[in-house]
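One chain comes next, on its own, written out as structure tokens in the form predicted on its own.
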């Protein structure tokens, strides 16, 4: 991990030193802007106020962890090139503190956009307001850095939306970034590996959490609030703002369903394990789930069978568009995730009497029809900006009801840009979708174990989904597909060279058993979990703090800002039970916890708990599991 030191606060006004310039960095002085967000510190209630904003009254707030990296990298790049860095935030008056901290770390300037008129702004209106604020700067930035995510509700959309609004290329999340000859050389982090990407400047770049040490400055070094330039909507071009202008909004917040009745065991380790295994056996934890070919309660793909008061749906003639169309973006994500997404789209299309069109960059995938597609559009390019532009033109004149994609980097950028060009907004990182009164309604984790219900009034309705939580339905019989081609122009602003495959985090999405580890399990002890992992054929997962330390790959992170899974059994080892983490594991069939602290939060959210040292209990658990899984 790169280590970045703050500039000494006493010397903030001195010219940035260029003595640390690395070989290969060009002589161009970079003007760098970092976008910063204030978030609640630790777990938060997840409740929203009347304006649809996160309720912050009485909550301790801090700079978003990803934004800390954006600030650190902005200060470093400006200092090394003899340039200048500016931090910008949009938020209530109290959010000035994150800018004061950014200044203490070494940012040269800070601008706060704060106005009651912005209350309730969704990610699209937020991006528009930030774009307008950036245009107020005396020197247009060469580079705009954003955090890749946010702990108060991951969207991963504002950066790409901002890029579209400013007409700039976008990439991320990046682990490394180095300016070379007017371009930026980066290493982009994916769940399954990394890729070398060089991008033209100016650009917008999302920074990964593991890119460097966070920008953290002691509060007693922060400059006074009046060092921050204040901006209101009166300083921006006249436009509608806030909740009335937002195409998406939070309709309501649902408390987490209390479906677990924890059974906690204490005492002698052998007795704890015996009783826990008896409980798990009774719950069917050692019986495999039915395969996807087994009959499911979910209706099969295609239009539903007409009920007594319904007319049967009429199939479209070849080349004729159905009355309503659900478009599914098929990226390079997990195959089973694509199939689950197509199934969800087909179920929605059945409800509205429409059809499913898969948009893919891969030609010849005949399986798309079995899993829900009625027609396929093959795009002859892969760059997200080019695909979004092509889709914008293709959508014109079509009756598209919804456009869906996976909550993965490629899909997110394409759909975030499409949300801008179509003025439709984006419902991001949903864990489920349904149709209500002819409109989409989706749920997403919102902190505090709550689920926010997101609705859209945009046309089309655009959403990204965590496919690991979507049901994998029974495939239908093969059928002819309507095939169409869509040409897109190349995006010369981005050059991709080396793609390196790493850990297969995608295996988590459909794993029947997952072992989640916290910081209570040091990485040099992971081999002690291997016997249990092998017996259960489990996948290893982790909390955000574990992946932030680099103990496990980013693709293994579970939680609001990571993956969401729904295994048959989730074994939580050495983790406290942060609600932000449990938001990604809450749909496990059975949650088992092992922790030495009987007051640990995890015991309030599990089904079976063992109050024990995980290292001491593992030998007993291994012996007991051998008979359970073999029987």
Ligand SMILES: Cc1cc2nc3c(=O)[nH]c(=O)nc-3n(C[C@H](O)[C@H](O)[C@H](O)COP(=O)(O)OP(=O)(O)OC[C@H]3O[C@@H](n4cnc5c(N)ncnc54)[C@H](O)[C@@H]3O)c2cc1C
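We call the rigid core whatever largest set of C-alpha positions still superposes within 1.5 Å between the two forms. The model shown is predicted, which means the values in this text are computed figures rather than measured ones. Numbering follows the first chain given and starts at 1.
The same protein also has a form predicted together with this ligand, omitted here; what follows describes it.
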{"query": "Partner-proximal stretch of 137 to 145, 536 to 544, 68 to 76, 267 to 275 relative to this ligand in the model of the complex, 4.5 angstroms, heavy atom", "finding": "536 to 544"}
{"query": "4.5 Å heavy atom contact, residue 519 to this ligand in the model of the complex", "finding": "yes"}
{"query": "Residue 562: touches this ligand in the model of the complex, heavy atom cutoff 4.5 angstroms", "finding": "yes"}
{"query": "This ligand contact in the model of the complex: residue 612, any heavy atom under 4.5 Å", "finding": "yes"}
{"query": "Any non-hydrogen atom of residue 578 within 4.5 angstroms of this ligand in the model of the complex", "finding": "yes"}
{"query": "Partner-contacting position among 600, 566, 61, 30 - heavy atom within 4.5 Å of this ligand in the model of the complex", "finding": "600"}
{"query": "Heavy atom within 4.5 Å of this ligand in the model of the complex - residue from 464, 461, 89, 557", "finding": "557"}
{"query": "Interface residues of 375 to 399 toward this ligand, as seen in the model of the complex [heavy atoms, 4.5 Å]", "finding": "none"}
{"query": "Core-superposed C-alpha of residue 556 shifting 2 Å or more between the shown form and the other one", "finding": "yes"}
{"query": "Residue 570 C-alpha relocation of at least 2 Å between the shown form and the other one, rigid core basis", "finding": "yes"}
{"query": "Flag for residue 398, CA shift 2 Å or larger between the shown form and the other one after aligning core", "finding": "no"}
{"query": "Pair residue 216/residue 600, Cα separation in the model of the complex versus the displayed form, closer or farther by 3 angstroms or more", "finding": "farther"}
